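In the form predicted on its own, a lone chain appears below as structure tokens.
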Amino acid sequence: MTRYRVAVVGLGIGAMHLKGWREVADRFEVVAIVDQDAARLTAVGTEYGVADRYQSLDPVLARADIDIIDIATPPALHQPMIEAALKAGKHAICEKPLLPSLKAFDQVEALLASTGRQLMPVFQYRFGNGFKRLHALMAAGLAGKPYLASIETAWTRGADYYAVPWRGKKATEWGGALITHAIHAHDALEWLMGPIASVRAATTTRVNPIETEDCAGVVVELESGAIATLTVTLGAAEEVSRLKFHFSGLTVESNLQPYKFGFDPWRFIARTAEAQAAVDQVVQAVEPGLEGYPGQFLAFADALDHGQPPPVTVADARRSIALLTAIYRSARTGETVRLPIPAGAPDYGGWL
């Protein structure tokens, strides 16, 4: 069992990563941190006991003792840093949104093939015990055919949040509420109910004076014939995340915590008392595990130890960007957009 050495780049959300790494310290050691802000570098380094601190990535890439580069920077820096890490022979972890276009995914996947390194997108919400129990029920055949999903992301963001210079701008954030806030909840849709066939969407900016959307409504048809609705606002008076899935054998509802919706408790409701007993038996048999960032990081260590793909793959992140590409095209044109989006499509190179 290897203990991997990590460098964390970007100490905004990266500070939350450091907390996650600390919970799996038997498998990872954070040996370096990187941030352009010297004061933040000192404060975070002191808090987490990381002595090696840098204001640029280059000296970290030159270190032979570092196995993994954890990229938690603003989105516009993701692709160049991912490519630099892979070319330096490092594995990479990167926050969402991973890349700005389907074309960028194809470029990075070619680089992964040539370097033999691993790239894991951060989708830490997948590592919640609610999702774990639902997957167990699906594996046991107790969910059945998917019918309908409704996914609600009702959060609050105001002037203080958008005072950070890169937020709310297309060039640096690539999009708004859909890409920065709701992407985790929307990731669950295909993961649980299968491939998306078509999208119809509307977006608007009503809450904040920004370039990007802060409200959206989307209707999705899945290849199975199931339907889903996705609603997003950053103007909620009460913050809620709500995922509800209806299958032929089961209705499933997440908790309402905005930033822990994948965690317990979830409700699993069967159609009969007999079916409910079977559901309860499977749910109770699922051993709770580490959730959030620590859960994803631990699963990554196990994958690296066994030479397996990461627990969240580049293909998973590509699906999330394909959905966003379709949403933004539909909102712009008023048309229903069908997936998959081919390489020749005008927005294959990005919706901007």
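Numbers follow the displayed sequence, beginning with 1. The shown structure was predicted, so the numbers you read here are calculated from the model rather than taken from an experiment.
Form predicted in complex with a small molecule: not shown, discussed below.
Trainee: Examine Val9 and determine whether its closest non-hydrogen atom to the small molecule in the predicted complex is within 4.5 angstroms.
Mentor: Yes, Val9 lies within 4.5 Å of the small molecule in the predicted complex.
Trainee: At the 4.5 Å heavy atom threshold, is Asp37 in contact with the small molecule in the predicted complex?
Mentor: Residue-level check for Asp37: yes, a contact with the small molecule.
Trainee: Classify Tyr293 as contacting or not contacting the small molecule in the predicted complex by the rule of any non-hydrogen atom within 4.5 angstroms, answering yes or no.
Mentor: Output for Tyr293 is yes: heavy atoms within 4.5 Å of the small molecule.
Trainee: Is Gly235 close enough to the small molecule in the predicted complex to count, meaning some heavy atom within 4.5 Å?
Mentor: The answer is no: Gly235 has no heavy atom within 4.5 Å of the small molecule.
Trainee: Mind telling me which stretch in 208-216, 158-166, 128-136, 222-230 gets its heavy atoms within 4.5 Å of the small molecule in the predicted complex?
Mentor: It is the stretch 158-166.
Trainee: Quick one: of Lys103, Arg242, His184, Lys260, which gets a non-hydrogen atom within 4.5 angstroms of the small molecule in the predicted complex?
Mentor: Residue within 4.5 Å of the partner: His184.
Trainee: I need to confirm a contact call. Of Leu77, Leu112, Ala270, Leu192, which residue comes within 4.5 Å of the small molecule in the predicted complex, counting heavy atoms only?
Mentor: Answer to the contact question: Leu77.
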